[in-house]
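Shown here is one chain on its own, the form predicted on its own, set out as structure tokens.
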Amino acid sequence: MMDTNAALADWLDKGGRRIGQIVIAKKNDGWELRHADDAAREDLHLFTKSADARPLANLDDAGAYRALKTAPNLRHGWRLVLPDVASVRSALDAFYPAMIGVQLARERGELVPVNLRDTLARQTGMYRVTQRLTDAEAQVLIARSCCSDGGCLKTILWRISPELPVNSLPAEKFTARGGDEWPLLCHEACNILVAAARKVVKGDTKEG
């Protein structure tokens, strides 16, 4: 079984150059990461440690905390120069937690998408009320929360239920690009979406 460092090295060797909003370039004996929007800029602040990725990933341009690391609001103005693939992998784990491992699990046939209804059925306590979310409410909520241009960059692999796909987002939201871009995959609705579902239901019904 190929480990994450080896898999990342293999992808880079084959021309992989982008993950989410980050572009990766070979620089002398190492690698450089920067925001894709900053590809042509020469006035970027230099960082040289993989540990620098975490604070870079935590705040957006306005200094607000990024609760969802796959939201399309990664801060600009930096470049991260690292010596080897292992440090690149460590940095990417901070920018996009678990995303390297999730894709490798998919390639091995081990990634099992979980339908939204199954995720909500497991909720207890204050989140049990999310089980009352209607299909129509779910479609609207997913369109608002998961859209790539303002919500989340991940490719959605799950359905609302076995019989009901998500049809409130463009078709490309459900197809990973691959090639020179490492995919960001969503195989189960996240806690942020579940919390948003609770707010939707609480607006119409009483929790009980």
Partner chain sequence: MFSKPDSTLVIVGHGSTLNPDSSGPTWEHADAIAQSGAFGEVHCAFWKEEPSLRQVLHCVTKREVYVVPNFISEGYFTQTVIPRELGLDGPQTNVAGRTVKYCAPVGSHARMTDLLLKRAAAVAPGVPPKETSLFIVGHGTGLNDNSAVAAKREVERIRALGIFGEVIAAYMEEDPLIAKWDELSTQPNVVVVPFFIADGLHSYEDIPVLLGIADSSPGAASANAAGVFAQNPYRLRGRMLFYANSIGTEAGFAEVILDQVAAFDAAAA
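This is a predicted model, so every value here is computed, not measured. Numbering follows the first chain given and starts at 1.
The same protein has a further form, the form predicted together with the partner chain, not shown here; the description that follows concerns it.
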Contact with the partner chain in the predicted bound form, heavy atom within 4.5 Å, among Pro83, Pro72, Gly101, Gly77 goes to Gly101
Can all three of Ala105, Thr124 and His187 be found with a heavy atom no more than 4.5 Å from the partner chain in the predicted bound form? yes
Only one of 23-31, 58-66, 37-45, 155-163 has heavy atoms within 4.5 Å of the partner chain in the predicted bound form; I'd like to know which. 58-66
Hey, in the predicted bound form, is Arg89 touching the partner chain, heavy atoms inside 4.5 Å? yes
Applying a 4.5 Å heavy atom distance criterion, does Arg144 contact the partner chain in the predicted bound form? no
Residue contact check: Lys49 to the partner chain in the predicted bound form, 4.5 Å heavy atom: no
State yes or no: in the predicted bound form, is some non-hydrogen atom of Arg54 no more than 4.5 angstroms from a non-hydrogen atom of the partner chain? yes
Within 176-201, the residues having any heavy atom within 4.5 Å of the partner chain in the predicted bound form are His187, Glu188, Asn191, Ile192, Ala195
